[in-house]
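One chain is shown next in structure tokens, namely the form predicted on its own.
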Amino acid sequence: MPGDFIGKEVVEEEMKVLEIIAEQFGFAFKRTHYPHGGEHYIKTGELLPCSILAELRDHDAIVFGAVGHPDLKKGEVEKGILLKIRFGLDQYINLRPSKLYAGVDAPIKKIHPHLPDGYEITVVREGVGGLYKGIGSYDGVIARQEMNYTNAEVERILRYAYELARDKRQILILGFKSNVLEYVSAQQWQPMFEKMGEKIYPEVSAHYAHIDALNGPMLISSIPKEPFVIVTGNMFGDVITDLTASLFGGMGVGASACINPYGTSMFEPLHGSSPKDYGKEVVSPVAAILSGALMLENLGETKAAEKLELSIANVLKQRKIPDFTVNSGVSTQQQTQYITTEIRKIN
């Protein structure tokens, strides 16, 4: 489901790379193409019918580009397609890793020059609850938006984050706002986080931090020396992952996965549809291709995922892609070519 504008461009490049990797590792993709996005909605009046959502449940994974159209009301197509998929398929884990790649002029290196290549911050964002449920109202004078979480929703995302931190042997930080959000944060998320760490995952070094301190002073002044995992709610996760992606090289290197461990998951780059850049062949497909690596890992093709990420890392280390902006001087197709050439070179 490539969606709109540059979403179509980056998904095309991503699939080229994934087909080469699949051939090398002896598996294949059976594709179903879905045209849904802003352009499709304008033409047909159709966002995402429930019948299509039901079809998606029968797929192993969804490769997603980006949706958004300047001729539509803000959020209309994003809510009607992207959020409908996330909520309808219960993709409650929004996994967003940010990694330092050699050869990338990442702003965080200027702030923390001691950080080694390969340093990583992984954000586990709760994906289907909180403010994004859309519970609220507006009467023309007062607007109300509710941050609702059930204990079951909090428990399952915390458990995933703890297990991820345990498997990675990394610190786990809960980022929330217990000094202000009395009920959701102080009475629910933080106590559940601390109890789970004490009773179930005592081997994990787990800490709480106010999300504003995490977003600012910690990332800027006192970042942990070792890679770490952040777990947080839907709204806060949306904000902090734009920051982490930007610090580690920009939205063009930001990959994400919307995961349902027991159903169909979706894999998409962090960037939007960027209509102004469409058709110029200047956008970077790297974030989309890295999202493809996340998909391979999620599907159990671990070796293929590792080779794909290594190929991208080698290209970046050689500085063949100087940056991920539209001014990089390296076309969309050329960036893909560099990566596919590297894939074929690695034994």
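Predicted model only: the values in this text are computed from it and were never measured. Start at 1 with the first residue shown and count on from there.
Below, we turn to the form predicted together with a small molecule, even though it does not appear here.
Chemist: Lys177 versus the small molecule, in the predicted bound form: is there a non-hydrogen atom within 4.5 Å?
Modeler: Flag for Lys177 set to no.
Chemist: So in the predicted bound form, does Arg86 come within 4.5 Å of the small molecule, heavy atom to heavy atom?
Modeler: Yes, Arg86 lies within 4.5 Å of the small molecule in the predicted bound form.
Chemist: Answer for Leu82 alone: is it within 4.5 Å of the small molecule in the predicted bound form, judged on heavy atom distances?
Modeler: Residue-level check for Leu82: yes, a contact with the small molecule.
Chemist: With the cut-off set at 4.5 Å between non-hydrogen atoms, does Lys99 touch the small molecule in the predicted bound form?
Modeler: Result no; Lys99 lies far from the small molecule in the predicted bound form.
Chemist: Select from the listed residues Glu194, Glu78, Glu163, Asp277 the one whose heavy atoms reach within 4.5 Å of the small molecule in the predicted bound form.
Modeler: Contact residue from the list: Glu78.
Chemist: Looking at Asp238, Glu153, Asp212, Glu120 here, can you tell me which has any non-hydrogen atom within 4.5 angstroms of the small molecule in the predicted bound form?
Modeler: Exactly one listed residue reaches within 4.5 Å, namely Asp238.
Chemist: Only one of 222 to 230, 168 to 176, 202 to 210, 124 to 132 has heavy atoms within 4.5 Å of the small molecule in the predicted bound form; I'd like to know which.
Modeler: Contact-bearing stretch, as computed: 124 to 132.
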